[in-house]
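Next up: the same protein chain in two forms, each one alone, written as structure tokens (structure 1, then structure 2).
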Structure 1
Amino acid sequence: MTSVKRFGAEVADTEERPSTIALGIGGAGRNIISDIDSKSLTNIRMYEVGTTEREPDISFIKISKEDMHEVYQSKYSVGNRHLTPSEKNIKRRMRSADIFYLVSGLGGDTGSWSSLACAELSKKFSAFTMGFFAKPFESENIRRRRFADEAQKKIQEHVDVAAFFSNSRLLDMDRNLPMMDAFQVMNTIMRLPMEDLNAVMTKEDIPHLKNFCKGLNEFRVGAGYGKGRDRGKRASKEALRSPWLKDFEEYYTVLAVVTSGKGTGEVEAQSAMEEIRKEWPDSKIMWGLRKDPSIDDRTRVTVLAGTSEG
């Protein structure tokens, strides 16, 4: 039997909404968060973590690769060793928040090494930490892909929700997509769950969410749009067909957001949830409904589905 719980933001006052910090780490991380429209999100602060500043609109946290490599290789975790100057820099610039989003591409030096340090630090701030990590194309070199796998294992121990997006899976949808366009599409898909969850969560939801996601170390994301009659159902079916969800047979924990461009969205949301329950009958679901006129008369469904098989 599925069990279902609804996020609280629709009925909450602004002060009950969580404060969020998003860190875009390394080249990919910076690209992905630079597309987030912080004005449309509630109470979010964004930082670029890297060796050189690129995004004038986003606060910059300077780190050195040497420091991050040292942290990555260290046998000791944050509480049991001295922080490197780069880590002190991150810690000084960050403040406590209810939610941390960590975003990077694994396989490169900056993103892989620093994501681990950022994950350990955000855990220190005892926020709910969600990581969104791109993984290299199969056409990239094997060393890079192996490094990405190794980094994944280390990082996922330190975050509450770790979602991985294999860039290659995009080619299941369109074989002829040039790499730069593919990055653009990937970045949009990676942004959606952050934006959608930001719109539906309250501070009160966080302890439930923490419990809800306990023991799960692999999340995958799917997103879909629907139009016309049955748009909730169509959007949900498209989300469930997303190539990233194919990595696992079953998912037991689902965070879902239904976004409605027009009307209340209640009917669409109910039919979208029904599709998810049909697909994964044994799952627990936490979901919310968001209104966003910018998608016109469409409905969007974003699912973040977790499994512990990893």
Structure 2
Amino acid sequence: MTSVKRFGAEVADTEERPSTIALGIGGAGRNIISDIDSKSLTNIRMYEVGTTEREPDISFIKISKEDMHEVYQSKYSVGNRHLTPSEKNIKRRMRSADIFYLVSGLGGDTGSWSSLACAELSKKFSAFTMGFFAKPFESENIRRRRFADEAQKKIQEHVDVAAFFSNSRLLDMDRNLPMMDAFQVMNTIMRLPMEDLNAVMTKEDIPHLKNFCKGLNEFRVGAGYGKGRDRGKRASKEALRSPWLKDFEEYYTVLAVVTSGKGTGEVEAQSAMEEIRKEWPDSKIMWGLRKDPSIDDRTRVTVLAGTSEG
């Protein structure tokens, strides 16, 4: 039997919102994080984490590959060894954060090594950590794919929510869609949970969400828009058709955010939750509602679904 609970607040004072830090790690992560709409999210601080400084849109944290490789190979966790200079650079930005978002691509050296270091630090210095990680195409060389799988297993031990996005799922989208446009779609879907959750969550939600997601290995994300009559239902159906949700048949925990433009958010949300209950009748669901006039008369549903398989 599906369990459905609401979390968050559509409207809340700034002090009720959690303090949040988002780290875009390596090339892929830096590209995604720079697209986040920070204007409406006043409680989020964003940093690019990388080995080479470019013209960053946001603050930059410099690291070295040598330091990150040392951390990745170490048999000791944070607290049981001396931090590398790069870790100290990251740690300095981690004070007073309730939530950490980590975003990167796995398979390459910088993304894989650095994501683990950031995950270990965030576990120690924050209350709740969510990671969003892209993985290589199945057609890429086997070393890169195995490296991504290895990094995934290590990272999962240190984050509360770990969502993974296989690049191969881009091929399940419109075959006529240019690859650069397809990557932009994936980048959008990877950042939407951060934007939507952060606009809904309050500090009081954190321990409940942490417990809600406990014991689940992997999460997948879907997002969809609806317009016109039954737009909440339409948006939910589109979100559930996400190519990344195809990886598993059943999901046990679902975090959902319904974003309403000009419509009646409560009605749209109830309709959207009904579709999710139909899809996964044995799941536990927590959902929140937010308003965003920028999407006009549309409704968006963002789904973060977790499974114990892996």
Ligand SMILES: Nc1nc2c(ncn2[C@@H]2O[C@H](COP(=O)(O)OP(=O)(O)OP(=O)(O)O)[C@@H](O)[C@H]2O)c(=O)[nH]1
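Treat the numbers as computed from the prediction; the structure is a model and nothing was measured. Residue positions are counted from 1 along structure 1's sequence. We call the rigid core whatever largest set of C-alpha positions still superposes within 1.5 Å between the two forms.
Remark: the form predicted on its own is the source of structure 2; structure 1 originates elsewhere.
Once the rigid core is used as the reference frame, the Cα position of residue 295 differs between structure 1 and structure 2 by less than 2 Å. Relative to the superposed rigid core, residue 13 shifts its CA by 2.5 Å between structure 1 and structure 2.
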